[in-house]
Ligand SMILES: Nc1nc2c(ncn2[C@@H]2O[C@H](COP(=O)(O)OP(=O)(O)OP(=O)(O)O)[C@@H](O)[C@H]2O)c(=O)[nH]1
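Next comes just one chain, in structure tokens: the form predicted alone.
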């Protein structure tokens, strides 16, 4: 019976894909970029009563053709469900949801009136099935490892560790590795090495604000916790020069990690993506300094090389799907006063200059914008000696108190190390403002994002 139900579901999805009635949306971003908030707000906007939603640039709604959306209750039982209701409740109560620790999916059925033509005469409405997948940003960082062997990965890792914001922490780990017996590949030593390296990755993230951390599953192992697949670390480049038992064992573990962890992850969550959102937290990187901003740029370029972009048709959608639209979005724009949003978009375009060029070359529609999935601040003005000054008011994520401040200016292009040497960025982090349950989440330019991602599928 279960096999027959699965066959029916797969047949229905294939039919929908042939007739462009099924869309798989990939929300991509590193940890902390705001994927969970983005998905929660997107679902909230699309499933709330139509007369309560304010999406002025979402044409199906403004043309009164959008009839509403519902969460699909027939999603496969074995598929982990995105915790939309729980996430929404936490945001409404003034708290951010917990970071994603495993993958999940939510399917929506969007109902709309055809814009015109024969379809409008033959049917009262159409439906689009929208699948949205959530996953930890840490896992995304493993994708570039598919293009490297173990030795190349070790060389790459230690080049990263030599960066100024990492060097001090990495020196202790290097000294520890130098004392290791390379002919000892026992389970005890492998696990001790793995635990030490895992602790180093956590220090890189918390103390150095580093974002390019591999393997990502050491930070969030999920169901792989305690398995030999996660006994993985980069030996020193000098330790790669001659064969050893430990080197051989780590090479085997690396190949197994590629085959059994990274490849299935890519095939399951990314190989079938139709449209993509790439969320980037530029402001936190600016706060952390020049080296972190450079590392963010490097991480994003490496990750985006793993995806296939280009035009699509019904045959390709079925058998060899490509990403035909990609939205590059600078998240958390509500941490800035409105006149700085243009600079934030320009900075994002500088950070992703090569991926933007590549997507256009591959005839993939792309767009860049600054947005906020959940607006947490109010915009105002204060009188100063120089005149009226734009400012923001919101609940500080650090103190929990209401604060009013001018967050500062965003450089419109990649800043130089010299700028960071005499200027410190300090963009605020806000908590969501508590709102009634029936109220739709406040957003900034999510309507423009929806128009770009879904508008042509709802005609």
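What you are looking at is a predicted structure, and each value in this text was computed from that prediction instead of being measured. Numbering follows the first chain given and starts at 1.
Form predicted in complex with this ligand: not shown, discussed below.
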Indicate whether residue 376 is a 4.5 Å heavy atom neighbour of this ligand in the model of the complex. yes
According to a 4.5 angstroms non-hydrogen atom cut-off, is residue 410 in contact with this ligand in the model of the complex? no
Should residue 43 be counted as a contact of this ligand in the model of the complex, where contact means heavy atoms within 4.5 Å? no
With the cut-off set at 4.5 Å between non-hydrogen atoms, does residue 335 touch this ligand in the model of the complex? yes
Have a look at 228-236, 382-390, 243-251, 368-376 and name the one stretch with heavy atoms inside 4.5 Å of this ligand in the model of the complex. 368-376
Checked 214, 100, 107, 340 for heavy atoms within 4.5 Å of this ligand in the model of the complex; positive is 100
This ligand isn't shown here, but in the model of the complex which of 394, 69, 26, 34 has a heavy atom within 4.5 Å of it? 34
Which of the residues spanning 162-187 lie within 4.5 Å of this ligand in the model of the complex, based on heavy atoms? none
